[in-house]
Structures are given as C-alpha cells and as structure tokens.
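Shown next as structure tokens: one chain only, the form predicted on its own.
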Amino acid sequence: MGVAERMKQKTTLSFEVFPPKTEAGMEKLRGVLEELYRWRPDWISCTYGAGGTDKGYNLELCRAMAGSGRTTPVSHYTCIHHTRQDARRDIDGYLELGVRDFLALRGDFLPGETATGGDFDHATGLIAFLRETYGDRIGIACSGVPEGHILSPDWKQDVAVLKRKQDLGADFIITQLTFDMEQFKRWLDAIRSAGIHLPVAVGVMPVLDRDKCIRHCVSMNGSAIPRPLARHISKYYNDPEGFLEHGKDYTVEQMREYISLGVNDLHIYALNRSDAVSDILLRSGLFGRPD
C-alpha cells in the first residue's frame, strides 16, 4: 500500500531526516533511525543539500530504510542541475534500491545561482515528467506552503500552483513548517475549496532551541512567529533548559490541534535526534508507546 493510500485510511506518523556530512555522523544517524523505527513510522523522508550535495549519503540512508522493512523511505528529489536524462537515471537507481516514493521540489539554489541549471524550472515540470515516465510505479509528494512561498507574489497563486501539482499527478502534500495555526486553518480551507483533495502531511518543527526556532521561521521560510510562540521565546530567552522542556509541551499542543483539524499525517522534522522527538511523542499520547 502506497503512502497516500495509508494517509487516507488513518492519521499516520512520519519523520524527516537529513544526511550528515561525515561517516561518523552517518553512524550516529543509524542509531537515531533505530530509535525512530520504534514508533512504527509509516514513512520517513530524507533530504539532501542545496544543489544536490550530500546525495550519496541520501542514497545510503534510503537504501538502509528500504532494506529495514520497518518503514517506507521517501526521498527528496529536486530540479537543481537535473536534465530529463539525469532524472530518469536517478529514479531508476532509486527503484533498484527499493525506493518508490519521492518528494518533487524545485530545490534551493547554490550561492550565486539564479536558475535551476537543468530541464525543469519548477516542481510542476518535474512532477509532470515523473508521472508521465513512471506512471503508477512511483508515489509523488509535492510541497504546500500554508503561509505562502517567499517568491510568490500572491497567496492565491500558491493555491493555484498546488492545484496544478495535483492535476499533474502528485499523490499527497507535505507542508512547510508553520506555527501560525489560524493561517494554517485558512490555507486548509482554501485548498479544499479550490478542489485540492490530496492527503496533507503537516510539517511539524519541534520547539527545542531558541536560535534555531527563530532562524527556521524568519531567515529560511518567511514564516510568522505568532504571539504564543513569541511569548515562549521571550519567557525562556536566557533559559535553554526551560526553553527545551516547555517547548516540547508547545509542540505537543500544536500536534493535537493539527489532529483536531483532520490532517492526514504528522510529519515531524526529527532534526536527526531521537531523544527529544520520542519525549514529545510520549507526552502527546497520540501514537501509543514505542515498541
């Protein structure tokens, strides 16, 4: 059963991990994955760096997850520096490893670049190519941006682009992080009103570290810091331990609110650490206890 089909049947749990830059980091991440597997995740997505960096470790991680028999790997795949020939070669390689699900993205430019440098300028072109080339042999996820893409001139245009991704063959949506729950509700209502029926996996960024929390919102995604989060940051600004401890509870409440809205999947950015993520899941009580 594919990822999208599972999401239609129940509220699923998934994680995102990223490839480390060293073999020592890889060894540590293998241990993290063993801990995450205990939560019986329906799938785990694996990123790679801007411009395709860290792609070798991405392949290694996806191979390991596919071979574990304990989850379904979903590999990120971007437009950056990829021709149609490259994409066919790469996806064929993933299929040989047992990886059949992909998050199709435009991807981040390397410093100094202003174009993808390949045959696909946008994720829509990549999605169309993958569906036309592989049909139902693969599952395709696409990104959704509840607060609007930082390069989009109009929030409604974002919804229209997402509808086009659906029409071109995407199977489910993975959202960018958002802490603004009112905006997420507006976005969810808007996409459903626009005829977008794809299952939604909502990206959950655990509130664990003050500086990283601010950076992920402001400098990386153009996301709002709503008043409850601003108060949390202010209250524990000089108390890292308090920020971490109460940030876990903040994350739990956000997860519960997402569930109440009927999202199909909680996609937790694991940040390559299992201790805090496991504690958050235990506190939430949403997915039982680990094996």
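Residue positions are given as counts along the sequence shown, with the first one as 1. Everything numeric in this text was worked out from a predicted model, so none of it was measured.
This protein has a second form, the form predicted in complex with a small molecule, left out of what is shown; the following refers to that one.
Query raised in the report: Is Leu103 close enough to touch the small molecule in the predicted bound form, meaning at least one heavy atom pair within 4.5 Å?
Result: Although the small molecule is absent here, Leu103 would touch it in the predicted bound form, with heavy atoms inside 4.5 Å.
Report task. Considering only heavy atoms, tell me if Asp171 and the small molecule come within 4.5 Å of each other in the predicted bound form. Result -> Although the small molecule is absent here, Asp171 would stay clear of it in the predicted bound form, with no heavy atoms inside 4.5 Å.
Query raised in the report: Are any of the heavy atoms in His81 no more than 4.5 Å from a heavy atom of the small molecule in the predicted bound form?
Result: Answer no; every heavy atom of His81 is more than 4.5 Å from the small molecule in the predicted bound form.
Query raised in the report: Quick one: does Thr71 come within 4.5 Å of the small molecule in the predicted bound form, counting heavy atoms only?
Result: It does not: once the small molecule is placed as it appears in the predicted bound form, Thr71 has no heavy atom within 4.5 Å of it.
Requested in this report: Spot the stretch among 92-100, 71-79, 178-186, 192-200 with residues whose non-hydrogen atoms come within 4.5 Å of the small molecule in the predicted bound form.
Outcome: Heavy-atom contact with the partner occurs in 71-79.
Query raised in the report: Is every one of Thr47, His122 and Asp158 in contact with the small molecule in the predicted bound form, taking contact as a heavy atom within 4.5 Å?
Result: Yes, all three are in contact.
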